[in-house]
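Next up: a single chain in structure tokens, the form predicted on its own.
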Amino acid sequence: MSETTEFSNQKQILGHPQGLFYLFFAELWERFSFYGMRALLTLYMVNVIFEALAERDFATAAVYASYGSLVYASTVIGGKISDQILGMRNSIFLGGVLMAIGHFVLAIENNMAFFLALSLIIVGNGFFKPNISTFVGTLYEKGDPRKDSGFTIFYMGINIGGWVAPLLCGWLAAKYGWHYGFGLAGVGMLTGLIVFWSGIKKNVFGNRGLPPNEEVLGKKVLGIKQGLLVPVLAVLSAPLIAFLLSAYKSVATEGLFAGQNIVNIIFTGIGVTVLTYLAFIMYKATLDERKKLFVAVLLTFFMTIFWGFHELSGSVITLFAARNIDLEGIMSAAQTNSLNSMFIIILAIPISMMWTWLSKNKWNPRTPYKFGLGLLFAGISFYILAISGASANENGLVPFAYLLLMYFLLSIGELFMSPVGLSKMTDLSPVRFMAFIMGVWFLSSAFAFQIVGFIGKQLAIESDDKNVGGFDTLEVYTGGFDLIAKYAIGAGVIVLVASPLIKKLMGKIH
């Protein structure tokens, strides 16, 4: 069967390939599990895992940052293994199984089980996340005008999962106990796997996602077939990753690595290596390629800053909500993690329509301006939290409206930056360097969590009081949010001022 015939023979639902909707629901449930767990993670560490420590906030910030960095870094390795050995189907299934096991192990209230569970989720995510998004693209023929709207539908599933999961998992955790909330996240992951498996059994994907070469799976390394060796090594890597996560304490108080743990040092090494190789690529590139590569690196840098502030939602902002937001009769601190996805769902279509209208009138701003505006919105959102202390009641609690407005503005900033970033990387990267530049783009999220960890440690509250809160924590958090606002606004202004120059370097790329 020719490739064209295979595309034309696909069953359609609402004008799209049937397989899209199986991937939509598989990703929805996977994101349900991921965001449901994330909503509870920081609070669980502070209140259970590190409860006996006065510096529990510091330990929590260190582990949360290491977990986030490794989760995103694992996608680079998982994607490579999928391309060369397993194929997308096997990778998605292996990743889903490992994550489901991780979520259920997380339901066991034990410190050793906790770190092992996180490591299983990290490894599983490395196989699952990069492949299911790529799988969507294979459903459409090259040049198919439906592809963009297909990805829009798919990404809506991500945000539906991110919206509903914190509400349900947070409610279960508050009413019945932590392990019920984590257990529900595991059920969500299993549901996603079942949906994906049913799609395979019904052959809705045709021949897509199969291993690049069946002979590669059967090829033996150390006497073991590669198709079996990869899952075995994936499982065996979990204890090593668990050790890295548990080694959250700083390795030194003075010198080059003062205040850094093992994962921080690893990512410092990765960063130096990436920058060195980027310099080599720049040297090898032509003048025109060098201009575009410079812009790609610049956009990646500012996207990293944005995600570094944005991902505080699962750590410092969740603790701020628990300790200093008046949530009585509204929702729990864990459930506030649903607000970002809720606003993305509400705002995505209106903002997309706005760009279309601006394009028709030839007013649509180029990518650098959108990045600058996105950082400004992020800065203003944190400034809202910074000034919230002026409205605190006698218990040091501020109105929920401040948090709601903050997430509204931050979500606008995200929609200005995130949807256009990935597509611009493909446009700006020369074909011979594209794989590496895309890897750098995905690694930017891993480095963003290093920013999250640094900020979390700076705003850590050291106290033996298990019900810490009030004006003492309010002053620390609002002061920190004020600094974040200044940095984000400053970065946004720099991008806007430099936008004419960046636009010139980009050439015809919009």
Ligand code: GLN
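All figures in this text were calculated on a predicted structure; none of them were measured in a lab. Counting begins at 1, following the sequence as shown.
Missing here is the form predicted in complex with glutamine (GLN); even so, the following discussion is about that form.
Every residue in the set K129, W307 and E311 has a non-hydrogen atom no more than 4.5 Å from glutamine (GLN) in the predicted complex. Here the chain stands by itself, but in the predicted complex one stretch of 395-403, 97-105, 153-161, 348-356, 153-161, has heavy atoms within 4.5 Å of glutamine (GLN).
None of the heavy atoms of Y67 is located within 4.5 Å of glutamine (GLN) in the predicted complex. By the criterion of a heavy atom within 4.5 Å, S445 is counted among the residues contacting glutamine (GLN) in the predicted complex. A residue is said to contact a partner when one of its heavy atoms sits within 4.5 Å of a partner heavy atom; Y72 meets this definition for glutamine (GLN) in the predicted complex. Put simply, R56 is far from glutamine (GLN) in the predicted complex: not one heavy atom of it is within 4.5 Å.
Residues of 18-41 placing a heavy atom within 4.5 Å of glutamine (GLN) in the predicted complex, in sequence order: R31, Y35.
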